[in-house]
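Given as structure tokens, the chain that follows is alone and in the form predicted alone.
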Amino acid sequence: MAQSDARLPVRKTYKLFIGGAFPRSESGRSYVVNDARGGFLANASQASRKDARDAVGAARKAFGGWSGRTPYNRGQILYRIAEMLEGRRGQFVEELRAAGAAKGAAGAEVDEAVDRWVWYAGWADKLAAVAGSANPVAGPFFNFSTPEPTGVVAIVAPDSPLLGLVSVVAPAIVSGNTCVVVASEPAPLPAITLAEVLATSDLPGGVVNVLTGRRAELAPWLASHMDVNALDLAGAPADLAGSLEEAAAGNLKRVLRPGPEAGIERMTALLETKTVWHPVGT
């Protein structure tokens, strides 16, 4: 019998991104991702409550090192990520087209996502000057207010699978926070491709963690988790947002409601202000 030249393609398995690694869900579950026409596109891991806890633990472990880096260093790391996003432009365009975007619109979204990432990277060494201040006080003291990162941010990503994702992740990490992201449920593939970019960049493991699966299952556990300091509801459906806000009140999390996709407010909302008094030397 003649040997056939046909070969079976090696299908990609889309996994979670936790602590810089790509594990499958501990539950062993996955779900089908369809393209815009309803055809099979891929299987993606369906994260569980345990996966969410692991992701929060990885984000907390990475927070000290990431927040302790100089703003200049954080900015350089984000610039490098933008270079790598540009290098994968074709792959992102294909994934956005599979999600239903027209060819021209997909290319425009990738370009805008890269430009937005660069814009946020440029803020790394400017936030302290804009958000901080030297305060006039009555007495022989210097009084300074300086911004510091909040901590671990849980993000429910929008369904805009790349631009929306960049719009919530970049401001969280450029300001020194770490994050756990629940990716777009119907179109998670660009989020995992972004995770592959982050894994091969200079970004330390655990700074960004990506979970794929059901928002309604994962978001409540993140909202009520006592080691999460802030909650971004950018992609939370209206019927879920109210209960998430109530759960977030358990440890007085900062809650970001859906708003403008880009702007300094998305960074300053994830900062705490530290005020220092220092006596004037004689």
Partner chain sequence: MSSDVPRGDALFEYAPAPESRDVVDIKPAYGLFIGGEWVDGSSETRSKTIDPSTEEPLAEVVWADAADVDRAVAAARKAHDEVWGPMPGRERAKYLYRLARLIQERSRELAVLESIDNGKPIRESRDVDLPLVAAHFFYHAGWADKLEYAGYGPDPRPLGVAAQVIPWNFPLLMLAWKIAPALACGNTVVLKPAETTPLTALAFAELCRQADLPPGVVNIVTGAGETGRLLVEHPGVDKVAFTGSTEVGKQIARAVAGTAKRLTLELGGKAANIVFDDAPLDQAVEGIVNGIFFNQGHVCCAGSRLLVQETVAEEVLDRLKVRMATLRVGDPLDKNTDIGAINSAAQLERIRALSEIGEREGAERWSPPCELPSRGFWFAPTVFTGVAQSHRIAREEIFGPVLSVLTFRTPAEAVEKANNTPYGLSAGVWTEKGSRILWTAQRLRAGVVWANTFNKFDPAAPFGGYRESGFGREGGRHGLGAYLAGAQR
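Numbering follows the first chain given and starts at 1. Just so you know, these numbers come straight off a predicted model, no measurement behind them.
This next part talks about the form predicted together with its partner chain, which is not shown.
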Next item on the list: Among 146-154, 114-122, 205-213, 188-196, mark the stretch whose residues have heavy atoms within 4.5 Å of its partner chain in the model of the complex.
Entry: 114-122
Notebook entry, point to check: Is I264 a contact residue for its partner chain in the model of the complex, using a 4.5 Å heavy atom cut-off?
Noted result: yes
Next item on the list: Answer for N135 alone: is it within 4.5 Å of its partner chain in the model of the complex, judged on heavy atom distances?
Entry: no
Margin query: Although the partner isn't part of this model, could you tell me whether R80 comes within 4.5 Å of its partner chain in the model of the complex, counting any heavy atom of the residue?
Written below: yes
Notebook entry, point to check: in the model of the complex, does A102 have a heavy atom within 4.5 Å of its partner chain?
Noted result: no
Check: Can all three of G19, K61 and K274 be found with a heavy atom no more than 4.5 Å from its partner chain in the model of the complex?
Finding: no
Margin query: Using a 4.5 Å heavy atom cutoff, which residues in 52-79 contact its partner chain in the model of the complex? It's fine if the answer is none.
Written below: Y72, G75, Q76, Y79
